[in-house]
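Just one chain follows, in the form predicted alone, and it is written as C-alpha cells.
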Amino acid sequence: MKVLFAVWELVPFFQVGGLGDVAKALPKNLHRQGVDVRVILPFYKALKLHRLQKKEIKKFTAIYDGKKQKVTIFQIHFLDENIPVYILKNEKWLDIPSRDTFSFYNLCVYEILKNNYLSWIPEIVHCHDHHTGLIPLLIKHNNLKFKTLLTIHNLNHQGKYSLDVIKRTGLDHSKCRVIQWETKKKQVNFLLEGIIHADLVNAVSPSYAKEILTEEYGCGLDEIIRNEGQKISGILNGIDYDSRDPVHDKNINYHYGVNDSPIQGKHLNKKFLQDKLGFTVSDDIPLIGFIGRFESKQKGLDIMHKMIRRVNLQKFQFVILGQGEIEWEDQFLWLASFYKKNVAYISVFDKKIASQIYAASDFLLVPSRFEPCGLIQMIAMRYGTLPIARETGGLKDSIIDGVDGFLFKKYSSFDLEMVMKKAVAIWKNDKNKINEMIVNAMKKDFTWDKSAREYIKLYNKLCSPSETS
C-alpha cells in the first residue's frame, strides 16, 4: 500500500503545534507495519535540515495567479527512519507562510500527482487539516484516480481565505462549496472543501468525531458535517514512547518505570522540582501541574484561574507552563508573583521543565472546553501523573474516571474545583488507591502502533472495490 502524507509541519524540521509530532510518529509506525508512506511539505525558509543532505528530484513549473512559478522538489529522509520526505521549494510563495502559501502548496501537490514527478504513484493521499484542504477538491475536480483521506486535528482552525486565492490556482470558485455568508465575504473555507471532497474523513478521537456533528462543537459546520456523516470516523492519536519514557528521559533527575519503583521515582522528582521552584519541600502537599497553549477558547484557562484564586492556596502547589495569549500570561504571572510559595508560572516553553513537571506532579489539570484528542494527558499518564480533565473529546476516550484519572462534565470552575478536591482527598487518605491508579495510568497503551493499525483499516477501506465503485 502506497500513501502520500501531506502536511504543513513535521518534527524535527519545522513545528508550530502538535500536528508536527503526529506527522513524524504516525508515518514511522505505518512504515514499520509495511506501508510505503512518504511525506510532502513546503520547504520554508525556517525549515531546519539538521545537516541532512538534500537530493534534487525534479524541477517543474506550476501556473499560479496566471504566471509560471518554478518549483523544485528536494528529497530528504527522517533522521531515524528510511522514509522519504519531499520538500517543495519556491521562494515567492513557500519561503514564508502567507495567505497564498497553502493554496500554492496544494496546487503543487496536485501537479506532482498528475504528472508523476516523484516516479512513485501513491494509492492514497492522506491530507491533514485545512492546510491541505484543497488537495481533495483538485483531485476530484480534475478526475485523478487517487483516493483521499482528510484528518481533522482541530475543527476550530478552518482556514478561511479570499476567493482570489482560489482563482489563482486556476480553479473556478463555483466548484467550491462556498457557503452563502462566505460568498458575501468573498471567502472560501479550506477545511470545509476538504471535508466535502475527501473520500473519507476522520477526527483524532472517536468522541470528537461525534462531537463535531453537534452545534456546540461543530464550529458552524455541524450541519454540513452531518450531511457527510457516513464517511466520518474517529481514531485516537498516540504518543511516541521512544521519547516519552520516564525510564530513559534525560530531562529528569530520577528515572523510574511502571515495574521499577514508580512511586519512589515520582517522590524523588517531586522533591527536586519543589526545591527548584522555591516551594516547601513536602510530600504532604499535592503538586498540581498544567502544561499547554494559552488559548482561552479551548484550554479552560478561565475556569482554572478562577479555581486557583478561590481555593486555599496553602493546601496546594501549582506549577503552570504555557504561553500564548498575553492577557492570560499576565493573569498567571500576577498570581505567581503574589503566591510565590504555592504558584509557579513558566511562560517560556522548555522540554526539560515540561518533563520535570510530568515526572514530579501528583496531578495534571486538563480543563479544556473541547479537546479533539489531547496528548498531554497521555504523556502525564505515561509518567504516572493522574490527569484531572473535562469529559470531552480525546480526554473522554483516554481517561477512565477513578481508574487512571479523574473527569468532570460541566465546564465550570466549581466542577473543576470539586473533582480536584475529590482527587486530593483520595491522594491524602487512600495511598493504596492512588498508587493503584498510578500503575494503571502507566500501563495504558497509547502507542502509535495501535493507532496506525486503525489508519491501515481506513486505507484498506478506501482501496476496497466498494469504495471505488
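One-based numbering along the sequence shown. None of the values given here were measured: they were computed from a predicted structure.
As for the form predicted in complex with a small molecule, it is not shown, yet the points below apply to it.
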inquiry  = Is it the case that residue 237, even though its partner is missing from this view, gets within 4.5 Å of the small molecule in the predicted complex, heavy atoms only?
reply    = yes
query = Hey, in the predicted complex, does residue 373 get a heavy atom within 4.5 angstroms of the small molecule?
reply = yes
ask   = Quick one: is residue 282 in contact with the small molecule in the predicted complex, heavy atoms, 4.5 Å cut-off?
value = no
message = Under a 4.5 Å heavy atom criterion, is residue 298 part of the interface with the small molecule in the predicted complex?
response = yes
inquiry  = If contact means a heavy atom within 4.5 Å, which one of 268 to 276, 130 to 138, 152 to 160, 313 to 321 is the stretch that engages the small molecule in the predicted complex?
reply    = 152 to 160
remark   = Interface check vs the small molecule in the predicted complex: of 204, 125, 225, 386, the one with a heavy atom inside 4.5 Å is 204
ask   = Tell me, which of 369, 293, 255, 77 has a heavy atom within 4.5 angstroms of the small molecule in the predicted complex?
value = 293
